[in-house]
Each structure stands twice: as C-alpha cells, then as structure tokens.
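The chain below stands alone, shown as structure tokens; this is the form predicted on its own.
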C-alpha cells in the first residue's frame, strides 16, 4: 500500500551517514545490508531498521522542522543545450584546469568551440575544449550559444559524484541554470543517478 500524501522531514545528514556506516558498512563478501525506514509522523524520530546476516539493528534519529527546499524550476522543455560525456574526460579536464579560479565558465555552442570549460585563476586563463565529434562525447545537442559562469565553491561538492560516475549529462536551460546528472553504477551493476543544480553567477555577453 502506498500513500499519496507527501511527507516532509529534516534530519542531520552526518548522523544518518554515521548510522549507515557503523551499522551497515559490512565488507564481508556475500553479505549485504537491508534497510527499512519508518516514520510515524510529526514529532516522531525517523527509525532505521538495518538487517545484516540475520542481525537487526534499530537506529532512531531525531527529526527537525523541515525547511522549504529550493525549487530551481528546471524543466526539460526549457533546456537549450545538452551534452553527455564520459566521466573520465571531465575528470581529466578538472585536473588540468586552474582550480584557484573563483568561477568555472561553461560555453556551449552549435559551432566552435562547441563545448568549452574555462577558468581564470592564479596561473592565468585556461580553456579545455571538446569537439562535438569527440570519442568522449556521447550526445551533443546545442540549439544556441550560451556562455555562463558558475561559482567554483558551489560546483566542487558535485565532484564527489563525478568520481564515482561513468557518464555525466550537462544541461543548461534558457536562463543559464546548470544541471549536472551523474550516472553511477555500483558493484552489483545497479544504476542510480545523482543530479546537481547550480544557478549562474554571471552571464557573459557574446561579442
């Protein structure tokens, strides 16, 4: 039975991760951890039932008053440009660009340079270009030229997902909002997606 009502709650992420790592972090081959989460309602804790090798551990995490989540209103119908890359190529780009830069500039265009990453750090300006015919480019679909800058401090947390992913989808909408969607495949072959949104810091006017 599935309830259609939306349930919103807020918990401390560090506490949740500690519970999962301490009580469900087995490395024994052939043994996996099953997780069931229960929540009675407002004012009650979030209860985790972790079953591993026939042993059940119960963790109760205090809940907090939920904050209103930010709605970026990123709609697929408003997407103007989209590319899908092999994650290895994006990791290589980040290793070569100057990460002392305060911003990462992304240019997407139906003509050259097609897809360009630029930084402006202590070592000077650096650019990393991708051809639309590159072997690392699985999909290239650009309607118009867009050049936007995004704060590096906001993008850096997404590199954790990049390190685990095998593909990444980069999309921008007509406002310059950025969507990074990482495809992650675990050891069992299951696929999940991590999506990261970022608003533009500054739009660069084309000459």
Partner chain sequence: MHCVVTGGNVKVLAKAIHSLSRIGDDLYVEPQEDGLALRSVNSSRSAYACFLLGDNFRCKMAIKSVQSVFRSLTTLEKTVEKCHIDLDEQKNRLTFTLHCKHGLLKTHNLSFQDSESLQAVFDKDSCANVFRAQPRLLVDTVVHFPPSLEEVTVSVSDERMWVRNHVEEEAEASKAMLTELCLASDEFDHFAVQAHNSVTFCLKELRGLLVFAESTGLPISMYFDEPGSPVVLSVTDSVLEGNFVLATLSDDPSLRKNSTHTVAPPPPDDFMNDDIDSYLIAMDTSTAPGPSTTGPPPPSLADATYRPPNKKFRSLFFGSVLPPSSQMSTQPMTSQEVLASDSDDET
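Positions refer to the first chain, counted from 1. Computed from a predicted model, the values in this text were never measured in an experiment.
The protein also exists as the form predicted in complex with its partner chain; that form is not presented, and the subsequent description refers to it.
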From the candidate stretches 37 to 45, 171 to 179, 135 to 143, 157 to 165, select the single one in contact with its partner chain in the predicted complex, where contact means a heavy atom within 4.5 Å. 135 to 143
Is residue 75 part of the interface with its partner chain in the predicted complex - any heavy atom within 4.5 Å? no
Wondering, does residue 109 line up within 4.5 Å of its partner chain in the predicted complex on heavy atoms? no
Partner contact for residue 131 in the predicted complex: its partner chain, 4.5 angstroms, heavy atom: yes
Verify the contact flag for residue 79: yes if a non-hydrogen atom of it lies within 4.5 Å of a non-hydrogen atom of its partner chain in the predicted complex, no if not. no
